[in-house]
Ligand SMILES: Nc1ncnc2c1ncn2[C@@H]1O[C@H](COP(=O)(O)OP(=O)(O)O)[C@@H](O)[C@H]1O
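As a starting point, one isolated chain is supplied in structure tokens, in the form predicted on its own.
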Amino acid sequence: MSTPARPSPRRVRGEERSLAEALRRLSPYLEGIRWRWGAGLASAMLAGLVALAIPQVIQQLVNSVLRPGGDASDVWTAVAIMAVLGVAEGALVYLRRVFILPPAAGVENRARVALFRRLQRLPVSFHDSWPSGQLLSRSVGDLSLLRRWIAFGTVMFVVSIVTIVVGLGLLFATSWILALIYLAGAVPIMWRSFHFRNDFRAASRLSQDQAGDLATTVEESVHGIRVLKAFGRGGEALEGFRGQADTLRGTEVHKAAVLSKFISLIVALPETVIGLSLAVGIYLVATGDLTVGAVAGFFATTAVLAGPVESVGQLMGMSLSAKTAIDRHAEVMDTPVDIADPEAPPAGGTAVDTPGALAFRGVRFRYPDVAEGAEPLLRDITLDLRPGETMALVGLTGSGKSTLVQLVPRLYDVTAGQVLVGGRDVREYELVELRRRVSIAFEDSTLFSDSIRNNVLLGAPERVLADPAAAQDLLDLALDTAQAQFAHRLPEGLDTEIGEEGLSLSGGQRQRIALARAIAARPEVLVLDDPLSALDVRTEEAVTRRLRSVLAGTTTLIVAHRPSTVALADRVAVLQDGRILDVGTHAELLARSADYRFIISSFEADRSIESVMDSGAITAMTGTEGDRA
């Protein structure tokens, strides 16, 4: 590939939102969940109220049994009532889970699908600037946290607050003196909660970002395991990973410390004031201002409140982490889609004036992350390819060849000028239609963890895929044209599952499968970014000649790094310093262009154009595998 080096892009973090604003961002995913969430909340609140009713039964029981002439049978009545209340509480907790868990999983699923859909629509420039691990952590870890928060955190946070408020009301009804003592412990908690919110939110965001970076490191190391092993750099990779992991561990420990300090406060203070309330309660009983049953009911109520009070800190922390997850999700969803379908179809319908024609008109291009005012990488490119013509694009490394060909299927958009396919600006096409007409194969062949069949037919026309026989014929033709007959000899033939990114295949095999995929798309314009670099000259020539036969009428623009490729093209375009320097046949350019002769001489010295042009020698070689180590 000849894509020039360019500055490392920087991601811009989205603006901070309040929790209410973050919740509004979830509204597209909450369809059908609101009434079930409300039913689950009602069930959970009733369960909390039932739990608060039990201390009231205890209070009545104690007062009944201890009063003069009390009836022992009241004990059995109270036991029966508490048993019924206990069963009711359990049933309500079960209903809460039934109502909320399935739709919460649905919210996670819809958000995940929406994120993946957005990732498919976002331009290549976005994926250039975002590490894949960050996107992976957002699509898996963050959304899993969001599901748990919706299913548990939101409901229990509301229920805990309601339970505390109702419980405090019961405490005041029992003894306002004891209730005031209990409530006094809440003042320091409220003061500390403000600082806790800010500290925990920052720690949570940092840990989630670091987890994404760690995922990126793991992914890169797994994909590059052959390189690490070949150069014996596993130890260095491990040290780098350990450093990142230790940093993340430190952040998680800090995050846990912030949470534990807050939880210790909301646990210790209520327990302390309960002890003080006990002493005051005993005094009030001794003076006759409070009954024993009232004291028993009061402390039974505080026991019920202990769980909600202690969980408030954890639930608040969970809510802040969920808010951070929503913010991280929104950063991707809010990224503008710069390359999209036209808002309105162009005048004149969808007819194409010249099928297969490809032209560049005054094209200028600068990468989006390059500073304004910097010199464009491509400057005033004007070039015409005739329908059915094969044109080679040559230039020194960094001249912008790969960038230019990526403008054809709109992987990037021009900064100025036009790219025309079939006589129309590519920006006038719907993306699906444009990419049906234009097929591209890259030097770095990316295959998917799927069968050979599915990889090759990935871009095949829908009408062909609907007919199994036609699909098989197209598959055979594409493999034969790309000299990829080896696929039939794999353990399960064309249904053999290849490894991740096709790494179970050799470099030449991957390139031929990727080329077969481009051929199976049956494009009007075929763009080849040096996709045969791992093949020997003879196999490359056989592939090229088959392409001319099978794709007769298809316009081909090929980035060339070999004299053999150049010699087989109808015409050659020379790209230098972001401009088209000259266009002509190979012989014409050799005769008149010193720059072209220099570029050709910089290609591999052992590639002989004369041997490639010897058709008799080539004919005997068309069946060779031709993989280059």
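We number the residues from 1 along the sequence you see. These numbers were taken from a predicted model, which means no experiment stands behind them.
Form predicted together with the named molecule: not shown, discussed below.
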property	result
Proximity to the named molecule in the predicted bound form, single hit among F152, F442, F126, Y367 (heavy atom within 4.5 Å)	Y367
In the predicted bound form, the one of L377, L248, L145, V464 near the named molecule [non-hydrogen atom within 4.5 angstroms]	L377
Proximity to the named molecule in the predicted bound form (heavy atom, within 4.5 Å), stretch among 317-325, 537-545, 398-406, 296-304	398-406
Contact test in the predicted bound form: F486 vs the named molecule, heavy atoms, 4.5 Å	no
Y412: touches the named molecule in the predicted bound form, heavy atom cutoff 4.5 angstroms	yes
